[in-house]
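Only one chain is given next, in structure tokens, and it is the form predicted alone.
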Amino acid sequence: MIRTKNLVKTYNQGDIAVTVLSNINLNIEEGEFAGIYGLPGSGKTTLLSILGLVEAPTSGDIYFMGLNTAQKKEKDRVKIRKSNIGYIFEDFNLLDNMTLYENVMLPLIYSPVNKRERVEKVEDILSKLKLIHLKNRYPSQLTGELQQQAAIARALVNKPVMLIADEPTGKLNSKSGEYILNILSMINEEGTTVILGTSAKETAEHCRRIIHIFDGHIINESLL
């Protein structure tokens, strides 16, 4: 599904180049539920951003479904990402002035899908996640758990082959977090590759493989 080779990412801070990721060699197979585990500042979020084709590496290669995307222009990465990758954030990133239904519809607005198909896709995913009865609510009218469920629905509405979740339980209590993790497990069991980034070991242990990152290096991997 996705493979990196000697991946490096640096950022310039004035005249100083700061290396955030060093020599990352990683292979995630289709259908895996993989956890990227690391404390804040470990490079975890940067790695997820590159795996999700949001950012490009400074050097090295990243192959997504056999295609080397490392040197692709941003517009080309966007095209690949929109068709294949869903993204879930810690902060939900729902638009306050839109209903749950409208938020979930957003990824379909510029897709080559007619209005009837868009409506069917949105209603299908809302029904699957048991949110259809809340479709006219605004984010401020929803609990954190329901907002994250809505964010998952938005990420899945295009039926991506890979889902990236960056600290998806970070703003939730333990009960709500467990529920969200169970949803991600269900999604994975249905065939979607899931990559979950977390700084909490107990969250990472819900994954089937844990990739431990520290100071920009992968230091070990373990199967559960």
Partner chain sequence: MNLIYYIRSAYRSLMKNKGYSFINIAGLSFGLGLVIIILLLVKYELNYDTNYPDADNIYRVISKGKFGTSRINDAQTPLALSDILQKMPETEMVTRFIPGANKFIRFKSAGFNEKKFFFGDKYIFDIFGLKLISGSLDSLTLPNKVVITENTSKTYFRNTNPLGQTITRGGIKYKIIAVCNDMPPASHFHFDFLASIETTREILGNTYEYKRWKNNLHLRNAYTYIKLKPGTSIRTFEKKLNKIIQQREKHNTAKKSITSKTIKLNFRLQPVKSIHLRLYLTSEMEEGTNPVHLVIYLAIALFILFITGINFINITTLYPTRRLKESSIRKLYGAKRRHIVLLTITEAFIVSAIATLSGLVIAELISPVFNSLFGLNLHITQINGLQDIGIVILITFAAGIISGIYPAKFFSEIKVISIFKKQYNINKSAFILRGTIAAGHLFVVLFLSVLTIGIWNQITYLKDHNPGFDPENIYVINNGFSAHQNFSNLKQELLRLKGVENVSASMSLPGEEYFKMTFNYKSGNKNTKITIPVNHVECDYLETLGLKLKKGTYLNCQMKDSMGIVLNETAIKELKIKKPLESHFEIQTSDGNSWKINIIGVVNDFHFEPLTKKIQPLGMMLLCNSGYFRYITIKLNDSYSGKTLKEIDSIWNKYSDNEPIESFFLSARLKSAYSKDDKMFKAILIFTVFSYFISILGFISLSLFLIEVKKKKIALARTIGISNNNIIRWLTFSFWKFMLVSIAMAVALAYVVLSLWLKNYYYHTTIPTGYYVIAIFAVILTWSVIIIIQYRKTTRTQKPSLFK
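Positions refer to the first chain, counted from 1. Treat the numbers as computed from the prediction; the structure is a model and nothing was measured.
Heads up, the form predicted in complex with its partner chain isn't pictured, but that's what we're talking about next.
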> Since exactly one of M186, M65, V161, V54 fits, which has a heavy atom within 4.5 Å of its partner chain in the model of the complex?
Replying inline: V54
>> Using a 4.5 angstroms cut-off on non-hydrogen atoms, would D166 count as touching its partner chain in the model of the complex?
In response: yes
>> Taking its partner chain as it sits in the model of the complex, is E120 near enough to touch it, meaning that at least one heavy atom pair lies within 4.5 angstroms?
In response: no
> Any of the heavy atoms of D91 lying within 4.5 Å of its partner chain in the model of the complex?
Replying inline: yes
>> Given that its partner chain is not shown alongside this chain, does S59 nevertheless sit within 4.5 Å of it in the model of the complex, heavy atom to heavy atom?
In response: no
> Any idea which of 188 to 196, 35 to 43, 173 to 181, 151 to 159 reaches within 4.5 Å of its partner chain in the model of the complex, heavy atoms considered?
Replying inline: 151 to 159
>> Suppose contact means any heavy atom within 4.5 Å; which members of 68 to 98 contact its partner chain in the model of the complex?
In response: E74, V78, R81, K82, Y87, F89, E90, D91, N93, L95, D96, N97, M98
